[in-house]
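Below, in structure tokens: the form predicted alone, a single chain.
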Amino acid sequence: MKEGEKYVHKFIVTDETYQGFIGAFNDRNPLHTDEAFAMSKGFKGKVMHGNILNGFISYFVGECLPVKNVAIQLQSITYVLPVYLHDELEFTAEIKEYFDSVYAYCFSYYFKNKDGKKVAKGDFQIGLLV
């Protein structure tokens, strides 16, 4: 892996992902679970939990990168637009820097919906386990 490399992966917010998140964390905020409530607040439906996207990042780091001996050291996310059930998201991550002295890679990333609009963006840092 080297600076400037980009990686792209597709994710879909499935019923299984949504229900699994609720089952694991018991976050039943009405914005996420009550269609009528979410629509009364101006959304087109239930808004998915933002931390589902963090789970997608974890999957990407652990399963999609060409190295497996890594751990996430730092992660930030800014939510730009709501994500809904069954949304198809394109995740793009780019290596911005590599720090040889501490074996760490810094990435910037974003998620886009099928309309090409960014729904979230941020940075994460991974360290190689040496």
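Everything numeric in this text was worked out from a predicted model, so none of it was measured. In case it trips you up, residue 1 is the first one in the sequence shown, and so on.
As for the form predicted in complex with another copy of the chain, it is not shown, yet the points below apply to it.
**OP:** Could you tell me if all three of 84, 107 and 118 have a heavy atom no more than 4.5 Å from another copy of the chain in the predicted bound form?
**Re:** Answer is no for this spot.
Subject >> Close approach of residue 49 to another copy of the chain in the predicted bound form, 4.5 Å, heavy atom >> reply: Residue 49: yes, in contact with another copy of the chain in the predicted bound form.
Original post:
Is the gap between residue 113 and another copy of the chain in the predicted bound form 4.5 Å or less for some heavy atom pair?
Top reply: Outside the cut-off, so no.
Original post:
Heavy atom to heavy atom, is residue 43 within 4.5 Å of another copy of the chain in the predicted bound form?
Top reply: Output for residue 43 is yes: heavy atoms within 4.5 Å of another copy of the chain.
Subject >> Residue contact check: residue 129 to another copy of the chain in the predicted bound form, 4.5 Å heavy atom >> reply: It does: once another copy of the chain is placed as it appears in the predicted bound form, residue 129 has a heavy atom within 4.5 Å of it.
Subject >> Contacts with another copy of the chain in the predicted bound form, stretch 17-32 (heavy atom within 4.5 Å) >> reply: Those in contact are 17, 20, 21, 24, 25, 26, 27, 28, 29, 30, 31.
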